[in-house]
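One chain follows as structure tokens, the form predicted alone.
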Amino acid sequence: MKNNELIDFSIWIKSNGLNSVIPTDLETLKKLSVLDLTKQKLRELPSSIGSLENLTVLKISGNRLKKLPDSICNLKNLRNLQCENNLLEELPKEFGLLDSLLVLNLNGNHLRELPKSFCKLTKLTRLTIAANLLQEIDDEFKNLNKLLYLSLDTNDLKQLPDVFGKMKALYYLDLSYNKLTTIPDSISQIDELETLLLEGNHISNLPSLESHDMLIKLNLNNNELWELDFDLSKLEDLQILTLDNNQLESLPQSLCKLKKLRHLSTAGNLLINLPECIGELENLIELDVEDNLLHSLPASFVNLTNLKVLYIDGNNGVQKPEIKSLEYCDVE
């Protein structure tokens, strides 16, 4: 039976003019571990692809695939599946049988939901499902506790269940451009988190992020935040903080304790003044406070001796400060 399927796959290769890319002899196909069909204008894959039992890497990105054959779930040794920028509307029901998968890229498809079996992919370390149409995530998503990198940005998620509690090693989490009004409290239990991207949601209240003392980048742009009501100083490794286009009227004094902060952006808020202690941000290289309600900069501003780039336009006549290190300011 396997040989018949391999013959079918060999015929499919030839009929699609792919014999310059993929071998067609059966012995080589039987042992094939990497198959790259990227950008081949494919509209479908044959069911015989399931006979490539030694496949560990399958690349089918940049095609026109609306679905995957059920037989793809037979690829028990598959560790890396790249399937971005297709037209997938659904995944096979038994997709969870691909339980050797470590890396899965489904970015840029038309997926509205994931099959129940999806949460059996418990070896996954890297999962990207950005730019789809996902409306919800199942509670069983918590089983994906080996994840190091997770991107769910640019979907239609209105809420997320508390699934992050056991994802202790997750270092990158992107939930940008969804319809979230809150984020789960369990996010505070992710011990290793270094990048948290929440841009472009409707978040007005944040759970405390104080536990994330390894966080390097935090993006909260384009939300509905009125205040940051947790102790920012606990994020002692933070280097990049962006808060553009919220409703912030002030910044907490604890911001000034972020000694490693290099980039701070609070453009498009309602800030009347900046914290008097802002001069303590000794490693700040770039600051953007455009389009706020500032009349002046704090006296301590002159202590920002590493500041190179400053955006202050769109305020109430704020003057360019005298700082020797400054290489660019949008106000003369």
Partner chain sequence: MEDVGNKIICDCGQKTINEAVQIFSQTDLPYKKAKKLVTECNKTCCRRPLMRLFDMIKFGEVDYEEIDFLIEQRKIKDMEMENEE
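Numbering follows the first chain given and starts at 1. This is a predicted model, so every value here is computed, not measured.
Keep in mind that the form predicted together with the partner chain is not shown, yet the notes after this line are about it.
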Consider the chain as shown here, without its partner, and state which of Thr195, Ser186, Gln135, Gln253 has a heavy atom within 4.5 Å of the partner chain in the predicted bound form. Gln135
Quick one: of Asp36, Glu53, Asp291, Asp70, which gets a non-hydrogen atom within 4.5 angstroms of the partner chain in the predicted bound form? Asp291
In the predicted bound form, do Ser100, Asn143 and Lys166 all reach within 4.5 Å of the partner chain through at least one heavy atom apiece? no
Which of these stretches, 78-86, 119-127, 232-240, 207-215, has heavy atoms within 4.5 Å of the partner chain in the predicted bound form? 78-86
Any chance Arg112 has a heavy atom within 4.5 Å of the partner chain in the predicted bound form? yes
Though only this chain appears here, would Lys179 touch the partner chain in the predicted bound form if you measure heavy atom gaps against 4.5 Å? yes
Arg64: heavy atom within 4.5 Å of the partner chain in the predicted bound form? yes
Contact with the partner chain in the predicted bound form for Tyr311, defined as at least one heavy atom pair within 4.5 Å: yes or no? yes
Looking in the predicted bound form, the residues of 153-174 with a heavy atom no more than 4.5 Å from the partner chain, listed in order, are Asp153, Thr154, Asn155, Asp156
